[in-house]
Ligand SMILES: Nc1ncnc2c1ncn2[C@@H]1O[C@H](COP(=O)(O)OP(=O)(O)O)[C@@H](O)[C@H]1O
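Below you'll find only one chain, the form predicted on its own, shown as structure tokens.
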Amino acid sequence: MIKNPIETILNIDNLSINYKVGDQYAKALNEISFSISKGERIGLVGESGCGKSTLLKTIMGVLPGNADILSGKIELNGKNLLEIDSEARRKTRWADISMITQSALNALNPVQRISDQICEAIKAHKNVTYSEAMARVEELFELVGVAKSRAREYPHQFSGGMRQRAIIAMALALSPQLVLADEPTTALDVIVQDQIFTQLKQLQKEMGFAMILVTHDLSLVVENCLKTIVMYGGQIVEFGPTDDMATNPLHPYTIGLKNAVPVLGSTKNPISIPGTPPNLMLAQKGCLFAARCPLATEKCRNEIPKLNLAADLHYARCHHLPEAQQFAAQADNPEIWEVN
């Protein structure tokens, strides 16, 4: 299990989840284990459907009714959230664990003032007056770089960047220990995106919360996170220090993600990974990436690789780790990715 020994806030151990679809099951998460400590920023990267959002919903306790938790623990400060009752779990939301969603326009009620929406979240957890809650809202608006005089406006009166800042203010209203950021800048241009992340890092420094940043964009994680988890087909396929993974990726999927990122000034075009993710409603045998991997052998197609420690604090799930550096050196050749 991947665990950080110092001031661990959240510890996830052997978490597996299925979704029931008709009379079939899709294996959304498969034996996920990692932990996050106070003040850490961990990036969670992978294609759509790899299990990122399911993991966040499980941590928040808002899984849909067709989800079935097969095994595992989610421990917040040593308490297993999967064993407490629904009311106790409700109290952890926003107070201990909060979420910054990827679409502020959808997350905010269009016919309710933004201040009232944040006040509602505060009053649901604290015995305070409306005036006291409103004072907290104004304080939060100043923290996220929006004039407090605008707190009583409606979502449609805000730009996309300002709405996202309002969502960040709501997420921080009760000073949570952990913030889950689910692609928080997807709909924003790169300049506003950079401003939002600069603001988040400053707020994290001031308030000390840990953060899990979920994205499909590897470059965002490289710029903003000290550690990175790469997911594929509901599994963790690589985990380690971001700098090490950016310069020395070990799993072929991570190498492929790196090659798919445009590089400023490069004369080479980004290379997409051919093929599609596995159908998680079908029984899987062997490595889930084998059908798209240039290194795949019969062993890969028939034997599930373990998540092994490959270097200092750097884990990868692959049968061909000794060949990783050689493959990475050749992976910018599109012909390498022509898998039969």
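Being a predicted model, the structure only gives us computed values, none of them experimental. Residue numbers here begin at 1 and follow the sequence given.
Another form, the form predicted together with this ligand, is not on view; read the next lines as being about it.
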Revision key, fill the gap. Which of 32 to 40, 301 to 309, 46 to 54, 287 to 295 lies within 4.5 Å of this ligand in the predicted complex, heavy atoms considered? The stretch 46 to 54
Check your understanding: Wondering, does residue 19 line up within 4.5 Å of this ligand in the predicted complex on heavy atoms?
Key -> yes
Review point. Heavy atoms within 4.5 Å of this ligand in the predicted complex: does residue 66 have any?
Key: yes
Practice item. Go through 279 to 302 residue by residue and record those having a heavy atom within 4.5 Å of this ligand in the predicted complex; state none if no residue qualifies. Key: 280
